[in-house]
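Take a look at this one chain, the form predicted on its own, written out in structure tokens.
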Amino acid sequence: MPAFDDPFALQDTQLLRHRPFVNGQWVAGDGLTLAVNNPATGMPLGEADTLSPASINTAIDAAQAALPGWKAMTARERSVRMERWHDLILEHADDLARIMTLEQGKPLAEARGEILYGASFAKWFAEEGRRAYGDIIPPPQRNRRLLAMREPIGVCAAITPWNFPNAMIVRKTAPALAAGCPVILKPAESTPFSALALAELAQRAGIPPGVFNVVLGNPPDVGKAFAAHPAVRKLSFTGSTRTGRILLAQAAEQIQKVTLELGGNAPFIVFEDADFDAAVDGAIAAKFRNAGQVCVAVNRILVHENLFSRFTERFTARVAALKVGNGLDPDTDIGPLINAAAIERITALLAEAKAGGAKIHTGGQAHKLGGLYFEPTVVTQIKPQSRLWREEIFGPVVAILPFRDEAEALRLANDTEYGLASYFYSRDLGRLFRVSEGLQFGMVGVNTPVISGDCAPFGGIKASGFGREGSSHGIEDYLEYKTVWIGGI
């Protein structure tokens, strides 16, 4: 294996692992290796071992074997271990952020912010697991008692994306662990080292063997293994709508419970009465974080016709000033895209839009740095039927259209198969309620680009999936009700 420590320069070199973590052991792979490259430089970072479907089944069996012991622990005993995991993540935040920036590309400050955000879910659900109450129900007869007990659903599988390779893992696995469920995690092929570092810290935190497992392998094979194994009772997936449909169909065979957080096409509406400067700042933040490679990133900006020219001019100037570069450079605002396919797709979307009459105000092509860098781009005069307007962009490109009134803004915003995130800026109290209720999205940001936190339910509707992560509701999908009737009292 190639040396791993040179490009990473970690304070704790034991965080850098290249083997799957199964039943408390770092196991040798029996499939192909995953080559992991730095998207900022194109240079190799190392390789990670993968498992065959048969070995993945063995890992699921290990999780099933660990279920009785983990389930039998008190909520407090599980909570203590999860609190320790949270503390260890924070203690190693700098190393974890560096791993993420090197394998994923986002600026180091963003990566560190993600580590802190992800850790918050470990702490939240450590506490929430102690409040997974059942019910004592008034019985229909005097000589009976009626209980509704909560029990862990069983082994849970999680498939996480490359764009948030730390936070999405903790957000999915923490509620499962808190509920008493062992987890089998399959991270994205592009970013395995972040997941394996979390497994190392979970082991140090005292989470028992078989309770937290990380497997690497060919994505279709892993998905099929998860769906086919009768011990897997819950599947949580974040990724594309196309893949989500496939997994949902496969999960139906074993009647698995499924949570899907899929694609998005977020609108950002600026009404005439908005705080103009705040709206510009909010649009920049909501669009260009992680180079636009965010499921809740703004795809479409709708601006009242009386503000359209002013907003476009100010917004374009701000976008043109964003610095593109290596995420390890502290001055970088936007890092590279994840791979060449992302560059090709954005280029094709822009070409189709330009052929339809769209105007590019800034950007519009690969960056002069070369490689996987793309210029931050602002487009106007786009047709609503354009692919750039209708599909998830997942890059530093955004289109702006004017609207006449509130009704038209809502019509344009809701004209999409997706329903994950939406944003609008207004200082009208009545509009705040009308538009929040009228937007057909699972989440709405009003006068803020920040719409996610450990205390709030996160998720979408329509083709953006179903189920919620985070908040007191986030543990629900990992628990089953068991009704107990007691007679002869």
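This is a predicted model, so every value here is computed, not measured. Residues carry their position along the shown sequence, with the first being 1.
The form predicted together with a small molecule exists for this protein as well; it is not shown, and the discussion that follows is about that form.
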- Item | Interface stretch in the predicted complex with the small molecule - options 352-360, 193-201, 165-173, 130-138, non-hydrogen atom within 4.5 Å | 165-173
- Message: Can you work out whether Trp70 and the small molecule are in contact in the predicted complex, taking contact to mean some heavy atom pair no more than 4.5 Å apart?
- Response: no
- Message: If we define contact as a non-hydrogen atom of the residue within 4.5 angstroms of the partner, is Thr33 a contact of the small molecule in the predicted complex?
- Response: no
- Message: Is Val296 near the small molecule? Define near as a heavy atom within 4.5 Å, in the predicted complex.
- Response: yes
- Task: Examine His367 and determine whether its closest non-hydrogen atom to the small molecule in the predicted complex is within 4.5 angstroms.
- Result: no
- Item | Heavy atom of each of Phe271, Ser426 and Phe433 within 4.5 Å of the small molecule in the predicted complex | no
- Of Arg233, Arg112, Arg289, His92, which residue is found within 4.5 angstroms of the small molecule in the predicted complex when only non-hydrogen atoms are counted? Arg289
- Consider the chain as shown here, without its partner, and state which of Ser452, Thr41, Asn447, Asn57 has a heavy atom within 4.5 Å of the small molecule in the predicted complex. Ser452
